[in-house]
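Below, in structure tokens: the form predicted alone, a single chain.
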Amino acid sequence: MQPYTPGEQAAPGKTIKLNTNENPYPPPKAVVEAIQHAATGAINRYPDPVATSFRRAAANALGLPGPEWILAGNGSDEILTMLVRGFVGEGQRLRLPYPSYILYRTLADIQGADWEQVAFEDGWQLPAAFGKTENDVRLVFLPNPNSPSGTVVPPAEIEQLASTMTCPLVVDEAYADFAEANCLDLVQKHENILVTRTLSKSYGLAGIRFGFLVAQPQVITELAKIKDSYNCDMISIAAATAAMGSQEWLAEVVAKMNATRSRLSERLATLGFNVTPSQANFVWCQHPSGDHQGMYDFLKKNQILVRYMKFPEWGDGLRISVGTDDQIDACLMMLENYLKKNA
């Protein structure tokens, strides 16, 4: 079994961290106040096992019919774990696109299940085979926007895919707040379309570990049977609830980060990189020289972390998270220096 390897976490200091798609800005003031209040509360008691306050706030913020459409988890990774545990039995199959989030494969391995990868076609398009119905395929994951590309499959295409499947289609929307469209409306129309979200990216709460699933109530009821008893702690529930009530802050931060993403993409293109148009809080880029490992090493030596990623039979490249404007300027300056030095 191959373990999932998270992005490198640098020791506190001067390192510029552009490798794990975290939000470079602190969370809203209301979140900090909620954490402080919760920390002085009854933490000697167990938390609400179903995170009622969060589910109500999230349903209101996202325009869902009610809290019964939401299941909270310890990060969206726990939600993904519950989905595999609930739908994919030993010897059955999980389907995912390639390249995409490699944790999906690990979750299948833990379950004793098989997994199959369907490669994206040119332009990060899904082939028809991705929607093929097969009896032993019990769950399909589709990260949207995808990582590492940042590309999006339009909701209309996802709806068509789901109509050809007899199993659930999970749309992993970890980066959806940075995108032009999402699939929340499709959940209300189709029982087999499920959406996962996280507060680690757009809401700036990667250190809290909180995610959730949006699905029809009858699906939520069944999946809730297999979650840990108290899977979200009191402090994280308080923080997540306050975050969902901070939609104006969210809109401002997303607009700021998307503007920085555009500037990063344009500047990388002028340096000769092939940049995939992104709707996430990161950019996937490849240089004609192919010297991505060298660039990664040079940046790391100069205290800038990006993600070097290599996909067998696909290729390699750099995934650069959107940081502050100053952080992005420093990264671009170092990349320009490296390219001049190695021209």
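Quick caveat, the model's predicted, so the values are computed rather than measured. A residue's number is simply how far along the shown sequence it sits, counting from 1.
Not on display, but discussed next: the form predicted together with another copy of the chain.
Visitor: State the residue from Glu121, Glu266, Glu134, Asp228 whose non-hydrogen atoms include one within 4.5 Å of another copy of the chain in the model of the complex.
Guide: None of the others qualify; the residue that does is Asp228.
Visitor: Flag Leu205 as yes or no: does it have a non-hydrogen atom within 4.5 angstroms of any non-hydrogen atom of another copy of the chain in the model of the complex?
Guide: Output for Leu205 is yes: heavy atoms within 4.5 Å of another copy of the chain.
Visitor: Within 4.5 Å, heavy atoms only: does Arg45 come near another copy of the chain in the model of the complex?
Guide: Output for Arg45 is yes: heavy atoms within 4.5 Å of another copy of the chain.
Visitor: Heavy atoms within 4.5 Å of another copy of the chain in the model of the complex: does Glu90 have any?
Guide: Glu90: yes, in contact with another copy of the chain in the model of the complex.
Visitor: Report yes if any heavy atom of Arg85 sits within 4.5 Å of a heavy atom of another copy of the chain in the model of the complex; otherwise report no.
Guide: Contact with another copy of the chain, yes.
Visitor: Want to guess which of 194-202, 151-159, 251-259, 177-185 is within 4.5 Å of another copy of the chain in the model of the complex, heavy atoms only?
Guide: Residues of 194-202 come within 4.5 Å of the partner.
Visitor: Using a 4.5 Å heavy atom cut-off, are Ser100, Asp316 and Met334 all in contact with another copy of the chain in the model of the complex?
Guide: Answer is no for this spot.
Visitor: Between 109-135 and another copy of the chain in the model of the complex, list the residues on our side with a heavy atom within 4.5 Å.
Guide: Sequence-ordered list: Ile110, Gln111.
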